[in-house]
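So here's one chain in two forms, each on its own in C-alpha cells, numbered structure 1 and structure 2.
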Structure 1
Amino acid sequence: MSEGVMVSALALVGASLVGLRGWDSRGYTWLLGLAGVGFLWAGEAVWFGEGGAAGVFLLLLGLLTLALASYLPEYLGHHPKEAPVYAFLVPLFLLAMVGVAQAPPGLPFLFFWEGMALLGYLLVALEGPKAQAGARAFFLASRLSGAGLYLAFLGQGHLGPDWIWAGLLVGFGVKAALFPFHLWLPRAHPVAISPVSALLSGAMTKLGLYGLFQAQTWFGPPPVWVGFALVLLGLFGAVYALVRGLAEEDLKGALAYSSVENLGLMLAALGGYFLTGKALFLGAFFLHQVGHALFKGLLFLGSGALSERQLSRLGGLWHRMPLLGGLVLLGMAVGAGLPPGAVFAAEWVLYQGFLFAPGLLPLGVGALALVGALALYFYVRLFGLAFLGAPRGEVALHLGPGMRFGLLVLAVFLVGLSLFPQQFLRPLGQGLYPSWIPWGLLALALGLYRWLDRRPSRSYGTWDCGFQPLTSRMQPNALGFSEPALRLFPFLRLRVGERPELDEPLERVYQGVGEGFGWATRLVQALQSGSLHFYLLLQLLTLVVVMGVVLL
C-alpha cells in the first residue's frame, strides 16, 4: 500500500470517528479533503508511473472525495436526523472501495467486496420505508454478484475457463450494470441521497469494470465469447438504457439510465480490447471512466440542490439559479458527447477502435452513432424540462457555498480533462487528435456566442393561440416530450392518458424469476413436516442418490 493510500485510509477512519462521535463539519471537511488529496497523489503515481489500472480508480475516487469534502457537510445540514449516520458510513464506504482496488485476489478481495456491498446497501436503505424497493434491488444484485465471484474464486483450479469467466461476468458485470443485470441502478439512485448516488454511479460501478480488466491477470486470458458478449451486451444495453430513460419521470432515475448507457460503452470497449488487444479500445475504456465519474458526479450533486426531482414539476430553474444551470449544462453537454468534452474524446477513440478492428466489429460504429443521437435527445429533454420554460411547481433550491465549491471542483477537472485528454492517455502511448482542435472548437463556440449576442433582438410574447397568459400546463410534460421517439421502439409498452406510464419490459422477466423462486421455497418449506420418520426417509433417499452418482 502506497503512502498516499495510507494517508487517505487514516483520514477516512478519522472522518468516520468524527461522524460517530457527533458532528464537526469543519474537521470532517478537512479529513475528507486530506483523503481526496491522498488518493490523487497515489493515483497519479500509479497511473502515470506504472500505467496501472488501479491508478485510474484512485484518481477518480480522489476527485469525487475532494468534491464531497465541502459538499457533504452542508448537504447533511438539511438532513440533521440522519447526518451522523451518513457521516459515519460514507468514509467507511470509500475505505471499502479503496480496499477492493488494492486487495490481492482471494479472501482479502472478497472481504472488501462484501463490505462495500453491505455499506452501499445501508446507505441506500437509510432513507426509510420509501427506499425499500431500491435497497432490496441493490441487495439482490449484490448477492447475485457475490455468487458469481464465489464461483470464480472457489472454482479456480477445478473448473474450466468458460465457467470461471461466466462467474466473473456475472460477479463483476452486475456491479458494472451490464445489461440485463442493470435494473438495480435505476431503482437505487432515486431513493438514495445525492452524494451516495454520485459515489454509486461515479465510483462503485467502476470497480466492476476494474475487476473485469484485472481478471485477465488473475485468471488468465478470457475466452473469445467473453469479448463478444461484452461488445454485444454493452452496445445493446446502451441503446436500451437511453430509450427507457427517455420515459423516466424522476431526474435521478433518468441520470441512472444514462449511467447504464455510459457503462455499456465502457464494457463494449473492454470487450473490443479482449478480442483485438488494441490500445485504442483501452484508451476509450479508461478515459470514459474518469470523464463519466466527473460529469455524472456533477449532475448527481447538482440534483441534490433541488427539493423536487419530478421532471413534470420542474422548469424555469435557469433564471432562478444561473450558476447551477450553467454547471448542469456543462455536465449534460459532456454527457451528450458534444465536442470537445471528455466523453466525446473517449467515443472518438472507440470509433477508431471499431473502424480498424477485424471481422464484424466495424458494425459497432452504427450502434455507436445511434447511441450518440439518442444521448443528445436524452439530455436536451432533461435540461429543457428542468431548467427552461415556465415553472410547473414550487421547487426550493439549497445550494450554499460549500455545495457550490464541490460542484466547481468537479467542473474544473472536467474542463481540464476535456481540453487535455491526450495528457491522461500518455501512459498508454495512445494518440488522440492534435491538441489545437479542442481549443479551436472552444474558440469557435465563443465566437458564435459573441456574434449571436451582438445581433439586434427584440422581446415579444410567444404566440399563444389566442389564449392569455401562457401557463405551465401548455408545456409538454416529461413523457409527452419523448412520446414521438418512444413509439419508434415497439419493445416498450407505452400507456397514454391522464397518467401516462411506460413499462420496464425486463421487470416482467425478473418478476417471473421471483415468482419461480417463491414457488421453490414454498416447496422446500413443505418438506419441514416435523415428522422424524419423514426426515429419515429423506436422508435415506439422499444417500441413495449420492451413492448412485459416485458409482456412475
Structure 2
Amino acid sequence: MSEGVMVSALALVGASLVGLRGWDSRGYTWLLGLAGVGFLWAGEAVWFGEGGAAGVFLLLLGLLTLALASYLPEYLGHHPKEAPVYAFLVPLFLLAMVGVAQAPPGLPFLFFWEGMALLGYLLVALEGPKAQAGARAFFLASRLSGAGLYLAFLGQGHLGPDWIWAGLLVGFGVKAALFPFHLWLPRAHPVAISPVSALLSGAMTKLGLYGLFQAQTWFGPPPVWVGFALVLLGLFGAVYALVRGLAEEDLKGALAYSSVENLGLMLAALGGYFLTGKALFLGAFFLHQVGHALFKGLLFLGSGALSERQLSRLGGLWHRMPLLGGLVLLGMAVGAGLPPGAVFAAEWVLYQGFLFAPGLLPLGVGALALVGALALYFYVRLFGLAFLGAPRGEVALHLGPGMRFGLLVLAVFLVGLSLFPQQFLRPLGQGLYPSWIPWGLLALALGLYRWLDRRPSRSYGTWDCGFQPLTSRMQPNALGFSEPALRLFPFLRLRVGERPELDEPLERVYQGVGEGFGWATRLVQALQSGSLHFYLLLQLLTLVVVMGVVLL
C-alpha cells in the first residue's frame, strides 16, 4: 500500500470521527479533501507507473472524494437531523471501497467487500421509510453477490474454472449490474441522498468491474463462455436499460438506468478483452470507467440541488439557475456519447475493438450504434423536459457556493479528460483520434455562437398558432415524449392512458423464482412434522438408501 493511500485512510478515519463527534464542517471538508488528494496521488502513481486496474479505481474515487469534500458538508447542512450519521458513515464507506481495491484476494478482500455492502445498505436504508424497497433490493443483491464470491473463493482448488467463473460472474456481476442482475440498481440508487447516489453509481459499481478484471490474475484465465456471456449480456443490458429508462419519471431513477447502460458497455468491453486479448478493449474499459464516474457524479450531485425529481413537475430550470443548467448540459452531452466527450472516446475505441474482433463479434457495432441513438433520445428527454421550456411546478433550488464548487471540480476534470483522453490511455500504449479536432470545432462553435448572439434580434413569445397562449401543460410530459420509442419495444407492454403503466418483464421472473423458492422450502418444511415416528421412518429409509447405494 502506498503512502498516498495511507494518508487518505487516516484522513478518512479522522473525518469519520469528526462527523461522529459533532458537526464541524470546516475540518470535515479539509480532511475529505486531503483524502481525495491522497487517492489521486496514489492512483496516478499506480496507473501511470505500472498500469494497474487499482490505479484507475483510486483515480476515480479520488475525483469523487474531492468533489464531495466541498459538496457534502453544505448538502448535509440542509438536512441537519440526519447529518451526523451520514457524516460518520460516508468516510467509512469510502474507506471500505479503497480496502476492496487494495486488499489481497481471500479473506481480507471478502472482509472489505462485505463491509462495503453493509455500509452501502445502511446509507440507502437511512434515507427513511420511502427508501425501504430500494434498501431491501440492495441488501438482497449484496447477499447474492456475496454468495457468488464465496463459491469462487472457497471453491478455489476444489472446483473447476467453469464453476469458479460462474461464481465470479454472479458475485461481481451483481455489483456491476450485469444484465439479468441489474434490477436492484435503479431501485436502490435513486432513493439514497444525492451524494450517496453519486458514490454508489460512480464508484461502487466499478468495483464489480475491477473484481472481474483482477480475477484473471487471481484465478487464471477465464473460460471462453465467460467472454461471450459478458459481451452478450453487457450489450443487451445496455439497450434494455436505456429503453426502460426512457419511461422513468424520476430524474435520479433515469440516471440510475443510464448507469446500467454504461456499465453494460464496460462489461461488453471486458468480455471482448477476455475473448481477444486486444488492448483496444482495455482502453475502452478503463476510459469509460473514469468518464462515467465523472459525468454521473456531476449529474447526481447536480440533481441534489433540486427539491423535486419528478420530470413532469420540472421544466424551465435553466432560467432560474443557468450555472446548474450549463453544468448538467455538459454532463448530459458527455453521457449521450457525443464527441468530444470522454464517453465518446471510450465508445470510439470499443467500436474499433469490435470491428477488428474475429467471428461474429463485429455485429456488436449495431448494438453499440443502437445504444448511441437511444442515449441521445434519453438525454434530450431528461435535459429538455427538466431544464428547458416552461416551468411545470414549484421547485425549490438550493445550490450554495460549496456545492457549486464540488460540481465545478467534476466538470473541470470531465472537460480535461474529454480533451486529452490520449494522456489517460498512455499506459496502455494506445492512440486516439487527433485531439485538435474537437478543440478546433469548439473554437469555431464559440465564434459562430457569438456572431449569432450579436445579430439583431427582438424578444417575442413562442409562436402559438394564433390560438390561445401556450401553457406549460401543452409541452409533452415525460412519458409522452418517449412513447414513440417505447412502442418499438413491445416486450415492455407500455400502456398509455389516464394512468400510464409499464411492465418490467424481469420483475415477474424474479417474483417467480422467489415463489418457487418458497414452494421448495414449504416442501422441505413438511419433513419437519414434529412426529417422532415420522423421523424414525425417515432414518430407516435413509439407512436403506445408503446401504443400497453402497452395496450396489
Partner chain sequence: MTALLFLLLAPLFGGSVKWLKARLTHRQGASPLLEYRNLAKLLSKAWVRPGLSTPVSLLGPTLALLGALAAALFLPLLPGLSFAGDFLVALYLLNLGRFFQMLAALDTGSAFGAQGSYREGLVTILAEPGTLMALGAAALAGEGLGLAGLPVLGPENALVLLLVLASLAVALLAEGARMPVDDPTTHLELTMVHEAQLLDHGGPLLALYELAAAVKMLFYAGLMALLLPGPKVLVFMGVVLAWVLVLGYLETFGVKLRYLRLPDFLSYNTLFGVLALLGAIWKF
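FYI, numbering is relative to structure 1, first residue = 1. The structure displayed is predicted, hence computed values, not measured ones. Rigid core (definition): largest C-alpha set, two forms, superposition within 1.5 Å.
The form predicted together with the partner chain corresponds to structure 2; structure 1 is the other form.
If you fit the rigid core between the two structures, you'll see the Cα of residue 49 move by less than 2 angstroms. Once the rigid core is overlaid between the two structures, residue 443 counts among the residues whose Cα shifts by 2 Å or more. Comparison between the two structures places the CA of residue 521 4.0 angstrom away from its other position, after core fitting. Core superposition places the Cα of residue 542 6.0 Å apart between the two structures.
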